[in-house]
Structures are given as C-alpha cells and as structure tokens.
Ligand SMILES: Nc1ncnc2c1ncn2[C@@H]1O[C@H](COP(=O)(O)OP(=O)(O)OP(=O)(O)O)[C@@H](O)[C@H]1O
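In structure tokens, one chain follows: the form predicted on its own.
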Amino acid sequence: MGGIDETDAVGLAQALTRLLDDARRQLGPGRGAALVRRVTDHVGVPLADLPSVALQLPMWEHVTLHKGVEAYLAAHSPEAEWFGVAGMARGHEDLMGMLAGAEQHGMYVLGAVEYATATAGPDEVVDVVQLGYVPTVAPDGRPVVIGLRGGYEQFGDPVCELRVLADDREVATAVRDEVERLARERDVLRGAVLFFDVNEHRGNEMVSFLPRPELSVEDVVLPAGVLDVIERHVVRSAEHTMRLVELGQHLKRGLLLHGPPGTGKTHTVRYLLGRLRGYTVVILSGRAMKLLPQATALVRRLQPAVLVIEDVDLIAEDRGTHESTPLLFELLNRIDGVDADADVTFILTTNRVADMERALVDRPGRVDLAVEVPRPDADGRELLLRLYARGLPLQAAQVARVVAATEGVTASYMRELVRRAVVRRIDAAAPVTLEGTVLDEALAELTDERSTLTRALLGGAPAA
C-alpha cells in the first residue's frame, strides 16, 4: 500500500492546527479562572509562585491516604469543604498539572468532587475522594490547600497522589508529613490478609482483602511432629520476639514447603495464617509475581508480616538446567535485602523441589527451614477420611478397606472421595450416612479406567 500523498498530509496538518487553535480560543485561559482562584485566593500566592509538595503511593494505599486526610481535616478544619475539577483528558494529569492546565489553557474548570467506593477490609467498603481539593490550614494556622487523587497512571504505573500547596515549601512539607503520619496510624492494610493480583485488561495492580483462615490443629494432617517444627519456626508471640531481640537473634525467617500437588501445602499455610493473628499477610502467585518488589516493601513496612509466594518453582528453576528469569534474581535479592532483625517471614511453596534453584534453598538467610509435605501414610489417610466426613457415621471395616486401597494418594484425593460418597447419599430421605458400601462405590468410580485424568488431577497414586 502506498503512503499518504504529501499534499494531502500537509493539508491535514494545517486543518488540525486550525482546529486546535480554534479550540484554544474557544476555551481560553479564563474558563479555568474560577478553579485556580479557589486555590490562590485561599493561599494568597499566584499559581506560578505557589510551592507544592506531593506524596505518591501505590493505588492500594488510596483508602489509607484518604483516612489520613480525613483525620487531618478533623483536627484542623472540620468545616472545610472539598471542590473538584471538570474537563477532558484528566486520566494522566497530576493535581498540579490540572491547575496549570486550567490557568494556561482553560482545559479544566471548577467542578464537583469525584468520589469512589473502595475496599477497606474483607467485609468493608468506604467512600473515598477520587479527585478533589480542600482548603485548610497548617498546624501553625497558615492557609494551605490539600489535593487528593486516587488510581491514575503516572508513567505507566497506577498511583494515588496527595498534593499540598502553601505559601512556603516547608509549611507544605510539614502538612504532607502530618497527613502521612495520620494515614499510617490508620493503615487499613496493617494486620490484613492481602492477595495481590494483576488486571489483564490494563496491567493494573490490584489488592484483595481475604478473611483470615480459621483452622484448628485437628484440621491439619501431617506426619507426627512436622507441624510442631513448622509452628516453632514461624509462629511467635510478641513476648518471644522481644526476647529474641534481647538475645541478639535474628527475626527474619524463611520456610519452604515442598511436596507433590494436593498434599496440603496451601492448607498448612492457611493454618499458619490463622495462627499469626495481627500479622500482615501478602500472598503472591502466578502473574502477580511481578509485584514482588512492592510486596516486599509492604511487608517490611507493616511488620510483623508474612509474604507467601505460592508455586515458587514457576520463577525459581535450577539455573543449571533452565534459563534463568529476572524474577528469580529479584526474589533472591528481595529476601536478602530484608534486614535480619525485621519481623518478616517468607513462606514459599513448590511442587518441584528437585528443580529449585540451589541458591534459594541452600544459602542461609534466604530459606532456613525446608519441610516436605508428603503423601499421607495409612494413619494419615484414616485421619483425612474422618476429617472430611465431618462426623458422619462410618463403619470401621469400610474405613480399613478404603485406607488400604488408597495407598499413595494425596489429601485432595481423599477429600474428593468423601465428597462423591456424600453426593451418592444426598438425595436419600434418611439422614446422610457413609455406612455400608458407599465409600467403596465412590472409590470404584475414581479408579475406573475412564477416570485416569481425574485421578491425576486429584493426586491419585503414582503409576507403578
């Protein structure tokens, strides 16, 4: 295909230039005057001479930052009223840029405050200022304007922004620092269980609040003594933490749980998170691995904290047999970069420990406890059977038959076996029971030759 004719290209460029010139004349600097005056009349300084300081944080800090501004206003100007901005093309402009655009080109005008609904916990949502400014005063009484903006892209990264404008830079800095201090005191992420993810549509980082798991020690079936070792390494009271510090011992620890899929690694992690009350937890897996730097910074700031990295073998394969990935080196560097006296725990899980990078599992300071979560033995399978039956009547003879017939399977397999047995009895008029041959029937269904793939997915016994 041929390119556009040069004469046509020149004509198009001239037409676009005239269109833009007409738009500037129509808009004119005067359209944004009211917006700019709301700032400059309060502070008493022309916009061109107005110092400002900013604080930009990841977008998941928006609620916390909003709470800091609210607390500051409540202390210094409880009657203050927000105002907003109207106008096109605000998607990539920061708070100061919009004021400059209003003054110079009339691109933005005085408008209504924008609000958004944001998550502040597993069962809590709050209204926050998405875009707005509010006139207030510094602690010494001098006038300042605070701007707040949440969830916009700055150089490709989604951020939220706090902007403070005052007649003196030191005054603006003092207000910014006070808002940040108040925000940290009200940090909604502290002590929460957080799941990091990435929006495929735009690549935006997202954080979801998860309820803290509620599991008892009876819910975790591991070989004798294994859970005790894990808990002793990971679970620690505040009193024990202080004693360790007094004795000159490091606080940072790393735990690697390894074993075949379906044996209970994630289940064990969930139990630990339930035991670690008050700890901030960040969970990374899959495509969210690229957020490792942000996640590590967050757990360092919100310690005591835990960073869970699931299926770490996806980014940390042995350098001797596979091509290395930048995320592997990022992971190693981030673990090393956390100070030894930081109360931060790294919990890693993998299905392929043999392929793991040796530097990750061998070097002290990265992982200092590796625990296998194996396929359950006969005693373990019986415990799992009774656990998943959850008090439903069972016959000893049938339990013995099923336990003997399931050698080499995983915990996931035993759970599905019980579920299928219950489904077979769920439509019966009588109370559900697992007595009789129903477990044998469910087992026969799973071991049928047509269920080969299903058995593999559930963690059936390995082929001989």
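Keep in mind it's a predicted model, so treat the numbers as computed, not measured. Start at 1 with the first residue shown and count on from there.
The next section is about a form of this same protein that is not shown, the form predicted in complex with this ligand.
This ligand in the predicted bound form: contacting segment from 113-121, 181-189, 383-391, 132-140, heavy atom within 4.5 Å: Comparing against this ligand in the predicted bound form, the contact stretch is 383-391.
The unique member of A411, L35, V418, V69 whose heavy atoms fall within 4.5 Å of this ligand in the predicted bound form: Contact residue from the list: A411.
Listed residue that, although this ligand is not shown, lies within 4.5 Å of it in the predicted bound form (heavy atoms), from N351, S77, Q294, S285: Of N351, S77, Q294, S285, the residue with a heavy atom within 4.5 Å of this ligand in the predicted bound form is N351.
Close approach of E93 to this ligand in the predicted bound form, 4.5 Å, heavy atom: So E93 does not count as contacting this ligand.
Proximity of G150 to this ligand in the predicted bound form, heavy atoms at 4.5 Å: Because no heavy atom of G150 falls inside 4.5 Å of this ligand in the predicted bound form, the answer is no.
Close approach of E170 to this ligand in the predicted bound form, 4.5 Å, heavy atom: No, no contact at 4.5 Å.
4.5 angstroms heavy atom contact with this ligand in the predicted bound form for T345: Close contact is absent here: in the predicted bound form, T345 is far from this ligand, nothing within 4.5 Å, heavy atoms only.
Neighbours of this ligand in the predicted bound form among 253-269 [non-hydrogen atom within 4.5 angstroms]: The stretch touches the partner through P260, P261, G262, T263, G264, K265, T266, H267.
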